[in-house]
Every structure is written in structure tokens, then in C-alpha cells.
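First, one chain by itself: the form predicted on its own, in C-alpha cells.
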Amino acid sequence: MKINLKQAWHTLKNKPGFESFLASAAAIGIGLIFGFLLLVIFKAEKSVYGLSQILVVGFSSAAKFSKVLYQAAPLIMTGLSVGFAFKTGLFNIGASGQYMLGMFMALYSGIVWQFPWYAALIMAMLGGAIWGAMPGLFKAYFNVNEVITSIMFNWIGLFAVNVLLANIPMVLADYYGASNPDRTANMSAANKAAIIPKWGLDTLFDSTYMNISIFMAIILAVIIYFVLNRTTFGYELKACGFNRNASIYAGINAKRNIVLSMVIAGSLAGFGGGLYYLSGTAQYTIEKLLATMGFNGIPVALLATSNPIGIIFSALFISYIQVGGEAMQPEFAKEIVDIIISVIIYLSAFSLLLKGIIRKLIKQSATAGKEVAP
């Protein structure tokens, strides 16, 4: 069977999302090239080894791959949180604070109230939703930019969580005989029923990291895709984002939808906090640093151009290079690894710019093709 390459290219370039895919692929490629050049500058003789670690380690063993999936689950959720808000015309830079409130509610309900894992995850969503509602209310009723309020609530959330945890002895590790009073309790000692089940995946992958979190995250991503693209509610939310005044004229309650958008975005980030800290392997350390998982949701969403299905793959990619970056030590210092990963991650923000350039190039090629056609 003969394949007409020109016809195939014409069909492919007109597919929805093709430009976004090329833009994301270009951002990844440029980021990897920059990372390799940085490795050459710092330690040329080990540069090829370092790059190979980034590109190969995640698939090198079942245990490594399980860590990729383990880290990708909360990344999908924070990416969905940011992406959902983007789709509705809002910039949710407060995913980090919402993630932390979700984490707190999951740990508190799981340890103090002895909730099972599924109930603790619902509480995590509730915590994130409440924290997400705050910027939404300020935006809807006082027209305060959500970027400002969500940044402020990140820090309010961080210190509120730290103060609360420090004053709830039952939540801390030393309550159960551990030596670290600044770390939350190991869930296996506090409440085994609150640990997200593994369903034999830990045995299959030979790793304690593996559980069903990644599947729950993927299911939620599919649900969000369906809500945004196949429901009247999703259409109304996106209409408010495109043109708030026009949506009001059409009879849509813009204020309600702005608040609901941020509530849903917050609940997704909160769910991510619950997934990570109910895994049975993670413990929160009381410190003055915001959770990077929330901020990493921004490049995850940008890399996928806020498409919920694309966010699954972009989160897996980000998690994959993080696991590979860890494997580069001790040949490369931790700071070098962090720089490389940060460049690759945050270069994804340029995918929107690259999308415009690619669209222009495709139009130019189409115009040139028409001019030379007989």
C-alpha cells in the first residue's frame, strides 16, 4: 500500500492539537539540549553519561519506573488544577497552598479521626477547595486579581499548616516513638487504613512506592476533560474565561462560575496533596518552604497547553526527568542537577510562544505550496 506523504502531512497539520504537540516537543528538545550543554561546561567527560541518566534511568527497572508513576500522580493533580483554571480564564498560581491544605486535611482526618484512605482523600479535596475558593471570591466580588490573592494564600496556607501541625502532638512522628518532632507520623504506625491501597502493585513492581494513585489521577484527568469539553457546565466556565462580559450578556452567572472554577481547581490540588502523603512512604517536615509540587503544576499545565489528557503525559515526563536527574549524583552535584531539571521544566512555559511560531510556519508552507502548484 502506497503512502502519500504530502497528503498525510496535510491531514496531520490540520488535526486539532497538532501545533500544541509540536510546540511542546520543541520545548522539551531545546531544554534537553541546554541541559546537555550545561553538563559539558561543568564536566565534559561525564556529560554523555549524565544525559543518558536523564533519558534512560526512568525505564531502567521496574522500581525506578514505579517512582516515576508515584511522583507523577500528584503532579497530574496540580497540573490539572492550574490547567483547569487556565481553561476558564484564571491563573491559579495558588496550587501550592491548596496542595498543602489538602495534605493537612488528609493527614489530620487519617491520623486524628482515623478515617480510611478514601474518606481522607475526600477531606483533602475539601481542604483544597476551601483554599481555592478564597481567591475566587475576591476575584468574583471585588475584582481582585487572582494571581495576587493566590500567592498570598500560598504563604498563609504554609504557615497555617505549620502552626497547626506543631500544635497537634498526635499528628507528629515523636508521638509514636520516632525521634523527629518536626516530621509528621508515619501512616503505617498511625493508621494503616488511611494508606492508599497497593493492590499487589508493590510486589509486581518490587517497590514500596507503587500504589493505585496514578490510576485515580488519570481517571480524574479524563473526567475533567469530559466536563470541560462535553458538558454545558464546562462550556459556561470556558465562556466566562473567553469573555466575561459577553457571557453575562448571554445569561451566564459569571461570578458563580469564577468561584466554582477556583473551587474545583483547589480541590484538584488538594487531592494531589492527599495522594502524596497518604502513600505510606511520605512524611511532611515542618519547614518554611512552599511545596514545589504545586509550582511544578504550572509548567506541567503549560507543556500540555492545559489539555487534561495532555497533562497526564507532561506530568509523566516531568517526573521521568526528575528520577533521571536524581540518578546523576554523585557524578554531578545536586545543584547542577536541579538547574538542569529546572531549565527543562520551566522552558515548557515557552511552548505557548513556540505554538504561535509553528502556526505561522505551517501557514507559510501552505501558502508556498499553493504558489508552486500548477
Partner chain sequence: MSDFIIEMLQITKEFPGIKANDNITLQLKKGEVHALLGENGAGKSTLMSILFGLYQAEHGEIHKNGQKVLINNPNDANALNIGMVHQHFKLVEVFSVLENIILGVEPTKYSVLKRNEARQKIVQLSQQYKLSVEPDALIEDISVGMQQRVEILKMLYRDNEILIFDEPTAVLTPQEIKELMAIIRGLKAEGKSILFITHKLNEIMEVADRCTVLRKGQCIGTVDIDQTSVEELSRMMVGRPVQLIVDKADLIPGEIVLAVEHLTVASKLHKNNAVKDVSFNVRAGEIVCLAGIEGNGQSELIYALTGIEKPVSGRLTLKGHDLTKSSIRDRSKAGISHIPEDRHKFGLVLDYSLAENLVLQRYWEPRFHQNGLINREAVNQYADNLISKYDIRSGQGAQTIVRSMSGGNQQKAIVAREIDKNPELLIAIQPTRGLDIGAIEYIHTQLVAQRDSGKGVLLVSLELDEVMNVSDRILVIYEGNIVGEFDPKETTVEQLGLYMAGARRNDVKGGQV
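Numbering follows the first chain given and starts at 1. These numbers come from a predicted model, not from an experiment.
The protein also exists as the form predicted together with its partner chain; that form is not presented, and the subsequent description refers to it.
Stretch 223 to 231 is the contacting one of 261 to 269, 90 to 98, 223 to 231, 192 to 200, since its residues have non-hydrogen atoms within 4.5 Å of its partner chain in the model of the complex.
Proximity of Gly177 to its partner chain in the model of the complex: non-hydrogen atoms within 4.5 Å are absent; the residue sits far from the partner. Its partner chain is not shown here, and in the model of the complex it never comes within 4.5 Å of any heavy atom of Ile212. Residue contact check for Trp113: none of its heavy atoms lie within 4.5 Å of its partner chain in the model of the complex. The shortest heavy atom separation between Asn245 and its partner chain in the model of the complex is within 4.5 Å. With the partner omitted here, the residue from Ile151, Ala133, Leu165, Ile252 that has a non-hydrogen atom within 4.5 angstroms of its partner chain in the model of the complex is Ile252. Distance criterion of 4.5 Å from any heavy atom to its partner chain in the model of the complex singles out Ala239 from the list Ala282, Val171, Ile122, Ala239.
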